[in-house]
Structure formats: structure tokens, C-alpha cells
Ligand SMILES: C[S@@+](CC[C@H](N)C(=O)[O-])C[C@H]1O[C@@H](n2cnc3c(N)ncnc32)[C@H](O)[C@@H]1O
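Next up is one chain by itself, shown in C-alpha cells, the form predicted alone.
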Amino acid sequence: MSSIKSTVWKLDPHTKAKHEILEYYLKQWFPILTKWSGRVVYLDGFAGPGIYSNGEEGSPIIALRTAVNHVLRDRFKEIVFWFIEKDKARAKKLKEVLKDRFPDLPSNMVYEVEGGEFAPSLEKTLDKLEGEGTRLAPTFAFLDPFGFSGLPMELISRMMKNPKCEVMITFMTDFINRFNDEERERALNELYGTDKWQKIRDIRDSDERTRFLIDLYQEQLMELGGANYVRSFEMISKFNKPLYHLVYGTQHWKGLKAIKEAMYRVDKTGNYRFSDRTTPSQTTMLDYGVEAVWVAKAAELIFKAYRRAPSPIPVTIIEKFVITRTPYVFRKSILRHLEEKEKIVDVKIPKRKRRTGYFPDDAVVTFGE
């Protein structure tokens, strides 16, 4: 479906944004996962040639550089970088670039470039592991295809059912909206793991079709994939044109916290815009540029949720609520805002005195009416 035929091509601004999000996320993911696991895997299922036409870094280079230059690098146990690329010329180019950029990797890191398609390559590995009675190591899979074929839900589900596996998928909603004829039914059935997507043919409104498509995909990733938390972020151009969705799936809410932190950092630059699909009926344009605005919105959502709570609420519970039930990141400034507005009427800290505006993690707060 891609019109790109060359080995390398020009880097688009929205791809640059996606790579910035990836880098911010991996800076947090590598130390967290390697702390508890002997081996972790970074899987790039559509790796590309490693660079763009003006020399900019592709996702494989970004991932390796992030690990190699990480301040906690020496504490990492073992990181396996698995790059899959079906185009022979691009796979060859990637090997050349990796050899040039990383001639001497640290002993706790290793990479492999596999020539082939993503789905058969992963299926073969899972078959082997399951046949041996073992599991896939904790894996972060960055799946960034040009179109929507070659991403079967059944296979992603098999991977996600292994402990501590996560995915970040470029979901080409606009392509599906435009190319859903009978010729592509098989690919779309595989993508969703169901034929329910065909209901879009009865939906006239384009925005409603888009909402249906992304909501169904999220539901399938949770129901079939075993993801406890799934969130989609719509990437929007400066001209307010939706580009595609980034769909993130994880088994732990702290993974969602990390990806939202990455979005927060990139969104604040003002170069890109994102919306957050917190619930099927709610799309929120993220604008972290003016803190007073988004903090007040997050504070109001917290107050509505806990204003009639029968007992004090731990700060850690409020943090999890913000991460999993609102479009926003968590900051203690949200709690300070509530206290200033007298919506938090009491704060207790075990065995310590407290100063106004101080909300340590072990504090509990009482909300007013």
C-alpha cells in the first residue's frame, strides 16, 4: 500500500514526532524492565533501513543509541534488539548502518537483523518457545507498518499474553477508512481478529467511522490480546488534519504512565499535536503548553470522582486514577490546585508534620463538597 519504493526516503515531521515519543519511552522502559528481568527484548517489526535520506536516525538506531547512552547502562542485565525487515535492500542497509554506528556494543546488549516479514518471523519464534515450554522474555514491540496488512491480531495476542509484553502500533485508521473493499477483507479480518469492522460500511459520517474503527481495535486488543490498558493517541498535523493513531497496549498501568509522560514531553514542544482517546465516547485534544489550563481540567475530573468519598484517598490512588481514567499526566500541582480552591480540605501524612502544598506519596487527602 506504500508508495515508497526506494531503500531510504525523506523523514516526515509526524514520523519524527513518533520517534521522539519512542525515545522518551525507552529511556524509562529499559531501566524499569531490566531491573526485574534477566533479559528484555526490543522488537522492531518493520525496521526499515535505519536512516532517512538526510541522515536522520530511524527507530532501530534510536533504540540502540538510547540504551547505549543511558546513564544506567551498566545496571542493565541483557537487552536483545530484534529488527525485522522484509525488504532485502533495506535490511542490508540497516546492517551496514548498525555496524558503522555501533562497532563495539556493551557486553549486555546484542542485536539481530532478520530479513523477512514480521508476522511469520514472530510466529516462528513463538512456536519454538511454546514448543519448548518457555515464554517470550519481556518485550516492547514497536510496530510501524506503512499500511494495515501483516499485523494479525491473533499473533499480537499470542505475544501480549506473555508477561510484561507491550506494543506500540501505528494504526493507519485513514487507510482503513478508504480501503475496505472486498479485496482487502482478509487483511482486515486478520488485523482485527473479527469481521465486525465491516459495520463501517453502514456508517456515513467519516468521523464516526474513524471512532468506530479505533474503538473496535482497542476492544480487540484488550479482549483477545489480554492487555489491561489500551490507549490510542491521534496524531494531528499543524493544519489540524488527523494523520493516524498510535495505539499502545500494556498489562501494567505504570506502562501507560510512561507512554503518557513521553506524549507530555513531545506535546509541550508545540511542534506536534495529539488527542487522547480515554473512553469510547471521549476524545480530548491534548494541550500541555499552558499548565494552568490542563491542571485545572485534571483537577476537576479528580474532584468529581472523589468528592463524596466516605474516607480519605491515598495520593497513589489519585495518581493511578489520573493515569488510567483521564487524558492527562499526573502532577502534584493538580493536588495543590485543589487545595488552593478548598476542594481538598485535609491532608494527613503518617508520623510527620505537613506544610501547605506538600503531597508526598504516602499522604491521604480528604475532599470537600
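Note that the coordinates shown come from a computational prediction; the quantities given were computed from them, not determined experimentally. Don't overthink the numbering: it's just position in the shown sequence, from 1.
The protein also exists as the form predicted together with this ligand; that form is not presented, and the subsequent description refers to it.
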Within 4.5 Å of this ligand in the predicted bound form, heavy atom basis, the matching stretch of 304 to 312, 338 to 346, 38 to 46, 23 to 31 is 38 to 46
Quick one: His19, Ile84 and Glu117 and this ligand in the predicted bound form, is every residue within 4.5 Å by at least one heavy atom? yes
Close approach of Phe142 to this ligand in the predicted bound form, 4.5 Å, heavy atom: yes
Given that this ligand is not shown alongside this chain, does Pro327 nevertheless sit within 4.5 Å of it in the predicted bound form, heavy atom to heavy atom? no
Does the 4.5 Å heavy atom contact test between Tyr52 and this ligand in the predicted bound form come out positive? yes
Given that the partner is absent here, does Phe146 sit within 4.5 Å of this ligand in the predicted bound form, heavy atoms only? yes
Heavy atom within 4.5 Å of this ligand in the predicted bound form: which of Arg231, His245, Arg90, Arg158 fits that? Just give me the one. Arg90
